[in-house]
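Only one chain is included here, represented as structure tokens and corresponding to the form predicted on its own.
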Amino acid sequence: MNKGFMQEYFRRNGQFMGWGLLIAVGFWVIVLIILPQISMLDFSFRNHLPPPEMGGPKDVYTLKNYQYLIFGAENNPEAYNRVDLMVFVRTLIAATCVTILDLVLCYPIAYYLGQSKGGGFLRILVLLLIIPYWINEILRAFAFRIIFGDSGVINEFLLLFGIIDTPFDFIRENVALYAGLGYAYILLMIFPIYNVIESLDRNQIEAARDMGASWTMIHRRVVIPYAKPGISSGCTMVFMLSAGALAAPQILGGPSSLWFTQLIYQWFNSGGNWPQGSAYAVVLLVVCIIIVLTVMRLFKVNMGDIGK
């Protein structure tokens, strides 16, 4: 930060509010984000030792916690840890699918909200989107399990109209899990896109229509390039939160839909092996960040665009 920027910052916010914001943001970033991550990173390179041996001669740095994810307990280069690696890859693919699903569903809604002229109906629509999130995430997940259950609303409807003969197992087929995750983060996709599209000059769209452009071309050449920062922001949040979700996979996941965060939870709690759990958590965080930065680079979006 240069001197001129800081002077302008304090001039606009005042000394009291300016320092208050800086302290609050600094506390949030340093104490609640950076220091816990550094502590977890340090744990990930430690041996799993009983408390009396911590700090002793055996408490040295090691890479075996990371090697375990690839080679398993034997650390044999020819025997890969196929179970954990498959869970890891499946989690990333599922998070990508949830992100794409949310984008397809939310883009039309965000466009309508951003380009509409307002009024009572618009406020009611926004309120209807927000009200369900007053309910706890775990309760919403259980509600989805009831809706998609063998005797749930969807199966009862399909049976009533003769579409199926026997109840469809939405839980085992992971339909309930994808729907629950997509619904859990839908607002994080809608509002970043809505905030950008709202500032789009409607005259640009009208000019494109007057020149004979189809709706597909208008969105491809005008709206989507303009809304790219909002789309990137929404996709980033949905992908990161979906990959790191725990409650929804545990409640809505089928027998074969183990999530990588569940493995991390097992290492931390059931196994009591914090170094191994930390290593798994660090790998998930780093890979997700690399994927997000790579996609941003492919679509030519930088962090400054997202922060606008």
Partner chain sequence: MSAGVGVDLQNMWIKFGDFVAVREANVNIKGGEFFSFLGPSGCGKTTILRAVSGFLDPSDGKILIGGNDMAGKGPNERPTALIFQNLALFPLMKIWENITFSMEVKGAGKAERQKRADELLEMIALPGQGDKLPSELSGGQKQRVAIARALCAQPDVLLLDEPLSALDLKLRQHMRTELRAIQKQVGITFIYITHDQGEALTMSDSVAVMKAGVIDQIAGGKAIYDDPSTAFVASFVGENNVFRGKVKSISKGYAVIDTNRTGALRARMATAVKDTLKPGDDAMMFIRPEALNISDKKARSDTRIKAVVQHSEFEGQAYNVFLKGSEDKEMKMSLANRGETRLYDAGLPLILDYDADRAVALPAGELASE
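Numbering follows the first chain given and starts at 1. In this text, all values refer to a predicted model and were calculated from it rather than measured experimentally.
We do not show the form predicted together with the partner chain, though everything after this point is about it.
Heavy atom within 4.5 Å of the partner chain in the model of the complex - the one residue of 116, 136, 151, 203 that qualifies: Comparing distances to the partner chain in the model of the complex, the residue within 4.5 Å is 203.
Contact residue in the model of the complex, from 226, 168, 142, 71 (heavy atom within 4.5 Å of the partner chain): The residue from 226, 168, 142, 71 that makes the contact is 226.
Listed range touching the partner chain, judged in the model of the complex by heavy atoms within 4.5 Å, from 189 to 197, 203 to 211, 152 to 160, 92 to 100: After filtering at 4.5 Å, what remains is 203 to 211.
Distance check, residue 217 to the partner chain in the model of the complex, heavy atom within 4.5 Å: Output for residue 217 is yes: heavy atoms within 4.5 Å of the partner chain.
Exercise: residue 82 in contact with the partner chain in the model of the complex, heavy atom 4.5 Å: Because no heavy atom of residue 82 falls inside 4.5 Å of the partner chain in the model of the complex, the answer is no.
Interface membership of residue 221, the partner chain in the model of the complex, 4.5 Å heavy atom rule: Answer yes; at least one heavy atom of residue 221 falls within 4.5 Å of the partner chain in the model of the complex.
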